[in-house]
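Each of the two blocks below gives one form of the same protein chain as structure tokens; they are labelled structure 1 and structure 2.
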Structure 1
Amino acid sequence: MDPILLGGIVAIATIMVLFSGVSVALGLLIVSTGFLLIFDGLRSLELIPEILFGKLDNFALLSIPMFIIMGSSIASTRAGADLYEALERWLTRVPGGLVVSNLGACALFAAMSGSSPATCAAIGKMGIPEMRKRGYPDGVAAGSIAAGGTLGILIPPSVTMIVYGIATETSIGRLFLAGVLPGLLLVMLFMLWSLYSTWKSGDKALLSAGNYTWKEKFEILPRVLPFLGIIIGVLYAMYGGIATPSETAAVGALLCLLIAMVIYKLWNPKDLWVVLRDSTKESVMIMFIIAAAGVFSYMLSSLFITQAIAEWIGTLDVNRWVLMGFVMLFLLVAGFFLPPVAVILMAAPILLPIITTAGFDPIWFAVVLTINMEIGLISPPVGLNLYVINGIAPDISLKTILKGSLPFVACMVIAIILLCFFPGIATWLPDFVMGEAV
């Protein structure tokens, strides 16, 4: 059979299976096994356990559970509340200051957590009730946190960047740095929108929220120190010659656990278990998808589909930006349905050769891809951040959350467009710190 046609059949089968309610990882295994059985025979089934094991046999993957522990240990303390309160006390004069300080807190927290749901939960637990209490509309309160939470995978450390780095063999240190400025750009766009919408609402109460004395403003600063300590410690370990990026994750995890235990008195074994349980749950889920996606890409490669599609697109005579447009459309649609890790792992082997042949920078592409995935996190039908918000504030309807996060999706699209015109936003910092790219 023609590999391209076969590829189409695989795509349809994959969509059907993945939408059937089976878990993503098992769905990928089911599709892969089915096609391998039909086109490669029984002998290829013997390989599945080895491929599963082999995909996980990679030191860099270890940083995934560790960066998740970092986030969830801090998230289980009142650190998130401290962070956002500190920002709030300093930003009271700003109209919509509370939303802005929540977004800032999300960005800061993202610099400590590798995953988006953790970021969302950490800031949202305090932020959403507080915003609602002060009269912000439900949509704004929920939407801003859902969107701010997505920064978790753009601002380093980032689980998706690690997965991308492994799948495409690009430097994880470089990828992390590439996410910094686009992350800041995104926060700024988010904040600008919040300011504008608050100002436009004309609500007097929101325009001039609470008032803090200078004493109160300075009093809270020491409570932000642990954060700065962690962020600086991790950055120093990573870029200062102590550890490789994958190893640094362990330092970060240990630091966060210790700070949670010592400073925030997270001593109770039961509370510690909750941190561990949530981290284990999220890590195992992600790692199993990674392993299963390995079998899936073995199937695609074994049936020569990957190679055929890459060759076929190579022969297409289209403008590179048209090509990039289609790639992004594909990523966006895939992101609506699938968790970021699954999209990256399924798409990277096919897309990366196309991207590099068309002359795009793989580091820049990682950033664009990540922002696409962020959109997926706050869009139906599968948006991990939406469930988190739903868990924090069950009385806010999904429709309200969605409506509230829509303007932030627009901000993300603007960020992608800006990145297309000014790729340096992503590539300048890694080039500056680590020298020109390979």
Structure 2
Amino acid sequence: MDPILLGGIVAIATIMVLFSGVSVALGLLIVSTGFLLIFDGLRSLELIPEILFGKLDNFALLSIPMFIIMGSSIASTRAGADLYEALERWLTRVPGGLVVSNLGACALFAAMSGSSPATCAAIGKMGIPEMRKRGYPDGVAAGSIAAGGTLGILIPPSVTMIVYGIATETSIGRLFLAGVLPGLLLVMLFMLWSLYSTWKSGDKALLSAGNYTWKEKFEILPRVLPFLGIIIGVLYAMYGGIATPSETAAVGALLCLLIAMVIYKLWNPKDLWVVLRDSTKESVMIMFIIAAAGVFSYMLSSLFITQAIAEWIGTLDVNRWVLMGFVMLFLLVAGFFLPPVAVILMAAPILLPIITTAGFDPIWFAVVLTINMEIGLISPPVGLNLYVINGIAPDISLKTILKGSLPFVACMVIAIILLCFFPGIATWLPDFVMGEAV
């Protein structure tokens, strides 16, 4: 059978299996095993356990559960609420300062937790009721938190970037650095839209918040600065050549747990057990997807589907930006239905040879891919952040939340366009800190 035609059949079968409701990892294993049996026979089954465990035999994978523990220990405390309150007190005189402080809190909490749903939940519980109480429209209140939560997969340390690095054998340190300036760009675009929408409303009550004394502004900082210090310390250790990403993640996880125990009195064994249990569940889920995606990639390669697609695209006489447009459209649609980790593990090994052959930087592509995944987090039908916000504020309809999120989707599209015109936004910092890639 023609490999291109076979690839189309595999794609349809994968979509059907994943839409049946089975987990992503199990679905990938079912598809991979089925096609290997049909085309390679029973002997192919002998290789599956070796591929599964071989894919997990990677020291860099240790950073995933460590960063997840780091985020869970923060998310299980009042760190998000304190971060929100600190920014609210310091930005109180900025026009529309409340929504700006929410977005700032989302950005910082996302950097600490690396999780989009956790960011939405932690900041939304405080921010949405406060914004609604002060007269902000429901769409602005909910949409800003939903969009701000997506920053968790872009701003380092990001589990999504780690997964991309492992799937494509790209430097995780470079990927982390590549997400910094685009992350700040998105925060700026989100804030500019929020300020404009607040000013456009013409409601003077929205342009000012409560007054706080200098004492009130400084007294909350000791509860926030230790966590920010850990983030800075982790990044410094990683880029200062002191430790590997896995080692810094382990130290960061331990310090976050200790600070949560000291500052927020997280001494109860039941609370600690919840943090470790939830972290283990999420880590195992991601590891299982990584292992299953390894088998899926092997199946595609074994049946010459990957090579045939790359060769076929290489023969197309089209502008490379037209090619990139189709790639981004594919990623956008995939992000509507699948979680970011699954999309990256399934698509990155196939797309990387294509985009590098077309002359695109794989580090730059990682950032563009991640922003596409962010759009999927606030887009139906499986926009996870939309449902998280709806769970926090059930009296705000999903339609209202989605409508409030759409302007922020436009901001992400603008960010992608800017990255296309100015790729140095993503590549300058990694090259400056770590030297140009060979």
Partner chain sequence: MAGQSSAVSSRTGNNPFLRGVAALSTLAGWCSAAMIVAAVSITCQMIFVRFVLNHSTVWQTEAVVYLAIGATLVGLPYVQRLRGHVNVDLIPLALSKTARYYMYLLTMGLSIAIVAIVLFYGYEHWHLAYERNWKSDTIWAVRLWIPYLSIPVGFGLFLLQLIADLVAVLLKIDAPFGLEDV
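Note that the coordinates shown come from a computational prediction; the quantities given were computed from them, not determined experimentally. We call the rigid core the largest set of C-alpha positions that still match within 1.5 Å between the two forms. For numbering, take structure 1's sequence and count from 1.
> Of structures 1 and 2, which is the form predicted on its own?
It is the second structure (the form predicted on its own) rather than the first.
> Has the Cα of A60 moved 2 Å or more between the two structures, judged after a core fit?
No; that C-alpha moves by less than 2 Å between the two structures.
> How about D271 - superposed on the rigid core, does its CA move between the two structures by 2 Å or more?
For D271, whose C-alpha is compared between the two structures after core superposition, the shift is less than 2 Å.
> Inspect the rigid-core superposition and answer whether the C-alpha of F176 shifts by 2 angstroms or more between the two structures.
No, its C-alpha moves less than 2 Å.
> With the core fitted, just quote the Cα shift at G135 between the two structures, in angstrom to one decimal.
It moves 3.5 Å at the C-alpha.
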